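Just one chain is shown here, as structure tokens, and it is the form predicted alone.
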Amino acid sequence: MPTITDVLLARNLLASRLPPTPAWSYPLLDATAGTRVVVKHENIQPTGAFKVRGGLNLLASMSARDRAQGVLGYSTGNHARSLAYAAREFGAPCVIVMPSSTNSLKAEAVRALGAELVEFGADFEQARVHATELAADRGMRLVSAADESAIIAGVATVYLELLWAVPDLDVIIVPVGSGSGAAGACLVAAALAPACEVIAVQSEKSPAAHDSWRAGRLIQRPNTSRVDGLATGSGFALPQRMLAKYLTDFVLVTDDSIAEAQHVLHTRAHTLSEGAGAAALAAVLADRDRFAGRKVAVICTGANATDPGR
């Protein structure tokens, strides 16, 4: 597992490439949520999502020889952009495998970053299997979306910035697809603010990470959420180990409540968010009594929305 030292080293590596993102509050949003809400704006990253931190840290930690052989990832969106962006920054070859059903704008974004795009399979799992075979054939570094210590350390810098800026938080709420962000939040909060709760949130239509955490073992579940960033059908081993050690709670929300939260962010906080980026706020709005009177941070993890909600 990555350590807080790894996160601090990642911050040093990223400092010249990514400025800190803001953490702001909005009176209209506070009034709607019934509590003080701090929004961490990862939606303004150059790839439109927090995962760019993990991709850059991974490529930075690789040897020049390994980078020259290239990286190969599988993703339905933000992880793909992260790898493609980082590979371009470091001059490394990059191949991304996406399901054939992936939104055309996401495919176009990956190509625009200079990566080779391979569209294969009907879903994420079929793309993953093909990516594994393709990486072996080409001799490239296969990059998991979450079972990568360097990626988790990179995305954990979100929470380093957050807690340095707002050290008196009571709760941090993190949306979960693969779980890298929640794992990073847990790691940093345990080191910097052990009294701060970390709560994960996922769509009830794709509850694999939630159910894996509840069961204490990796579980596969139906993966039918329309929220791409939360749509994973199985838990990931490394994030789950970290969540088992540190996470306070894990909740589920509906896809419709996420769409409503997108609308609230848009109208009360002039913030464009993709579905996954609004899931943390959806958890607050679904259980106002739990969070009333507390200082709550929600992570707007991305802005790559094909539908701005409602």
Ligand SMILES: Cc1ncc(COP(=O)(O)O)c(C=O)c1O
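Model, not experiment: these values are computed from the prediction. Heads up: residue numbers just count along the shown sequence, starting at 1.
The same protein also has a form predicted in complex with the ligand, omitted here; what follows describes it.
Taken together, the three residues 55, 83 and 148 lack any non-hydrogen atom within 4.5 angstroms of the ligand in the predicted complex. Taking non-hydrogen atoms only, residue 73 never approaches the ligand to within 4.5 angstroms in the predicted complex.
Using a 4.5 Å cutoff between non-hydrogen atoms, residue 203 does not count as a contact of the ligand in the predicted complex.
Within 4.5 Å of some heavy atom of the ligand in the predicted complex lies at least one heavy atom of residue 175. The ligand in the predicted complex is approached by residue 276, whose closest heavy atom lies within 4.5 angstroms of it. Here the chain stands alone, but in the predicted complex its contact with the ligand, taken as any heavy atom within 4.5 Å, falls in 224-232 among 126-134, 95-103, 186-194, 224-232.
Residues of 179-197 placing a heavy atom within 4.5 Å of the ligand in the predicted complex, in sequence order: 179, 180, 181.
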